[in-house]
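What follows is a single chain, given as structure tokens, in the form predicted on its own.
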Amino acid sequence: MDRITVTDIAKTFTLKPGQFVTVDGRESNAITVLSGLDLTIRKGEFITLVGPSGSGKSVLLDIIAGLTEASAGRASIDGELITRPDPRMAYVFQQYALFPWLTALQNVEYALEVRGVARAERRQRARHFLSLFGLGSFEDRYPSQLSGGMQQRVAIARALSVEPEVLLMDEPFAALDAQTRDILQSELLRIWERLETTVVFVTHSIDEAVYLADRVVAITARPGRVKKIIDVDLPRPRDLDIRNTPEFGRLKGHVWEVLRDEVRAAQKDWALSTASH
């Protein structure tokens, strides 16, 4: 069953007065980051989006979330046009986006309070999801008293506590050290396999994309469109040891082959834009 459908999506931003970019050798005050992008995401699957910087991956996520309006095309959830943030979806940003004046428990509870969950139930659910991420003994700590990895666990627990049908994640582990990143990837998979939530996950890491996904969606250099979708036929549940298998290495190599020319094109575009100013 299809959950998210993106059809012929385009997005163009008008730059501030006096700002220009080089497009096809000419200066322009507008930049098109997505053009003619089509994508269908099935219920319960884990999708990762990879592509060079500037290819519009995060913009696509914002359009699906109802935070940004597309310039053309349409995005829908369960066949319904997305025009604003939808309660069926939750978003985890790269930065932790926690309220510094609230404890870990209160940060998770806040998401439930906004959705009208009664006080006793929201406390129970908040504690449950914190415990899933190993934070049961840290519920009274403020964000400043938590490590970066712990803060991101709180942010993910908060998003999952509302039991979303779709979880959107924009490079949530990018700022973490390699060891913490590996741990959180595994914990995310463990919980996703229990909840069967549809996940759309933006990353620059091919290793991360392959490890997490059912399908890896490769996005072209700007303007972004789907270049290829790679099925990840690795068994589940997955643990970190799967990264040492020949099949994992083959899939990583295949994704890089698909993306290599796009990364080069993005670097060339960036160099031309820099040289013109």
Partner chain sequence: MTYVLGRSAPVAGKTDFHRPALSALARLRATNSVVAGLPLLLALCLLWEIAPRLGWINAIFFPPLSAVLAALGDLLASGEMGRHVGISFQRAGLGFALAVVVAIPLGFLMGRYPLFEKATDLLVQTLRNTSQFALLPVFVLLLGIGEASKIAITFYAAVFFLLVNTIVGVKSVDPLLLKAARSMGTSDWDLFRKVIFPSAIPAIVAGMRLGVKASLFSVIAAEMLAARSGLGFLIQNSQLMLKAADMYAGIIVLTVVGLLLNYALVWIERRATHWRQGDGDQPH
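All values reported here derive from a predicted model rather than from experimental measurement. Positions refer to the first chain, counted from 1.
Quick note: we don't show the form predicted together with the partner chain, though the next part is all about it.
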4.5 Å heavy atom contact, Glu208 to the partner chain in the predicted bound form: no
Contact label in the predicted bound form: Val166 to the partner chain, heavy atom within 4.5 Å: no
4.5 Å heavy atom contact, Glu113 and the partner chain in the predicted bound form: yes
Close approach of Ala72 to the partner chain in the predicted bound form, 4.5 Å, heavy atom: no
Contact stretch among 74-82, 124-132, 200-208, 91-99 - heavy atom within 4.5 Å of the partner chain in the predicted bound form: 91-99
Heavy atom within 4.5 Å of the partner chain in the predicted bound form - residue from Leu105, Leu189, Val117, Leu146: Leu146
Single option in Ala30, Leu234, Leu67, Val226 placed near the partner chain in the predicted bound form, where near means a heavy atom within 4.5 Å: Leu67
The partner chain in the predicted bound form - contacting residues of 136-161, heavy atom within 4.5 Å: Phe138, Arg141, Tyr142, Ser144, Gln145, Leu146, Ser147, Met150, Arg153, Arg158
